[in-house]
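Consider the single chain below, provided in structure tokens and representing the form predicted on its own.
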Amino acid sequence: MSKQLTVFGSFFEDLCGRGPYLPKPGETLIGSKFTYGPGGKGSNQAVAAKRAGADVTMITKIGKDPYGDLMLAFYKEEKIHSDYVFVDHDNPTGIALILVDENTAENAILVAPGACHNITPEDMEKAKEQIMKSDLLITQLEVNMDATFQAIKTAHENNVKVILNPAPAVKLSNDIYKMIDYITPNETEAEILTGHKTDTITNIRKAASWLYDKGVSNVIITLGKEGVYIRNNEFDEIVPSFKVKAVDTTGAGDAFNGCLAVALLEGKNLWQAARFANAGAALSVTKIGTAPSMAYRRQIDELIE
């Protein structure tokens, strides 16, 4: 694919333990398995998009440490462009501590962002050219907000389409919504952003309308195994999910966003793009881990067919 996707966001090294249930506060639990590998919402979305067929450049920041080295080696292997991976000499590479219940696939995550929360105005000035020449920018809310705002503003001012995955969710100012072309919260995030409950389809519609009225032309609310609700000037409906056996749901949202970006770059309409993204998300939950669980294009096409 000749079109360029730029992902601006987080890289964390995922340290993941699995056990019979999630421990209660103060409890020590003997787990069954420990794994580590590349993670962070931004990075996971870059991997998902690359494997699904996009030409991907990642903008992020790492520490000068072994976890940062692992990340660069991984990007080289995945063929993700890392010219705009900045190195912080004062802060460590971000870490995500993940606990997974091996019976329900539920998880609990603690993130220590490290270098990712220190992306400077100088870094953003260097990355500006890359954002300007992109066809699509995808970003999240896991790095410092001023840098995220600058990335969105640069894209918007240069007619580059923007996908915002508002995770972890925080209240946003109204001027940000006007610069976003696609927003992809899950039910919890949509509730935080809008103040509307998302416990019924009627309330989900109200939350989506709130975002649409703020100026976001395409609202996509992910509903887990129920699929996704989409709203724009053409669609107002649920796109159903693909039924699979979930073993680890940790990276499903990231798989969805990365694949959504690929489908949009290929000119698919919102319904087709959401269905393609649903397929990528479904495949990701059938494997353990985040980035390693992202599906390849052939697998996505096979599931859709």
Ligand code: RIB
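Just count from 1 along the sequence shown to find any residue number. Just so it is clear, the model here is predicted, and its values are computed rather than measured.
The same protein also has a form predicted together with the ligand, omitted here; what follows describes it.
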Location of the ligand contact in the model of the complex, chosen stretch of 59-67, 38-46, 261-269, 274-282 [non-hydrogen atom, 4.5 Å]: 38-46
Sole residue of I204, I119, A96, I152 within 4.5 Å of the ligand in the model of the complex, by heavy atom: A96
Among the candidates V160, I109, V85, A169, the residue which, in the model of the complex, approaches the ligand to within 4.5 Å (heavy atoms): I109
Members of 221-260 lying within 4.5 angstroms of the ligand, judged by heavy atom, in the model of the complex: T250, G251, D254
